[in-house]
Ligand SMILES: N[C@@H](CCC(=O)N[C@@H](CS)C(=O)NCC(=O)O)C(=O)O
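A single chain, nothing else alongside it, follows as structure tokens in the form predicted alone.
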């Protein structure tokens, strides 16, 4: 098998999700930065990889695939090593449920409504909109409560080993807990705070932290 190529910036949560999966499978790969914040996602070269101009995109032995769910599951099945999908039916359903909550609700609430808004001066070139954060807090709290209820009572979200659910939540939680709002809400949880404390030193987590 050839060396795969992952397209996207290291600051992207979904690029980091795939990087964690690759690290767990001990796959050597090339990361090609595509800075979507400066418009590189709309270049002709990247649109040929991802027609919607998003990240990540992934190439392996001439096979191109985009969308994080498709890429991460391909990585899990294409390369040897421990599977990142629980064998138990209910644990697997819980994993998929957690991923669905992150994709559908928590990514936007944690990253855009809290982290990006708290850092609006740098990202959006305007002051933080406190009213917007306050308006988002009911959804943010619902996401925290839902993930707390779904998480297993241990070091990983869905059982005794790291799964794709952890790969999805780690990058999002990294940004969320970089804010006082996120840290305060996490501190009120039991399972999530224990999970976050224990997983921070895991090799695939520490090794994929954004450079900036």
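Positions refer to the first chain, counted from 1. Bear in mind the structure is a predicted one, so any value in this text is a computation, not a measurement.
Just so you know, the form predicted together with this ligand exists too; it's not on screen, but the next bit is about it.
Trainee: Pick from 154-162, 140-148, 47-55, 179-187: which stretch has non-hydrogen atoms within 4.5 Å of this ligand in the predicted complex?
Mentor: Correct option: 47-55.
Trainee: Look at the candidate spot formed by 108, 119 and 132 and say whether this ligand comes within 4.5 Å of a heavy atom in all three of them in the predicted complex.
Mentor: Zero of three within 4.5 Å in the predicted complex.
Trainee: When the contact criterion is heavy atoms within 4.5 Å, does residue 196 count as touching this ligand in the predicted complex?
Mentor: Because no heavy atom of residue 196 falls inside 4.5 Å of this ligand in the predicted complex, the answer is no.
Trainee: Quick check on residue 40: any heavy atom within 4.5 Å of this ligand in the predicted complex?
Mentor: Because no heavy atom of residue 40 falls inside 4.5 Å of this ligand in the predicted complex, the answer is no.
Trainee: Would residue 36 sit within 4.5 Å of this ligand in the predicted complex, counting heavy atoms only?
Mentor: Looking in the predicted complex, residue contacts with this ligand include residue 36, since a heavy atom lies within 4.5 Å.
Trainee: Could you confirm whether residue 12 comes within 4.5 Å of this ligand in the predicted complex, counting heavy atoms only?
Mentor: Yes - in the predicted complex, heavy atoms of residue 12 and this ligand come within 4.5 Å of each other.
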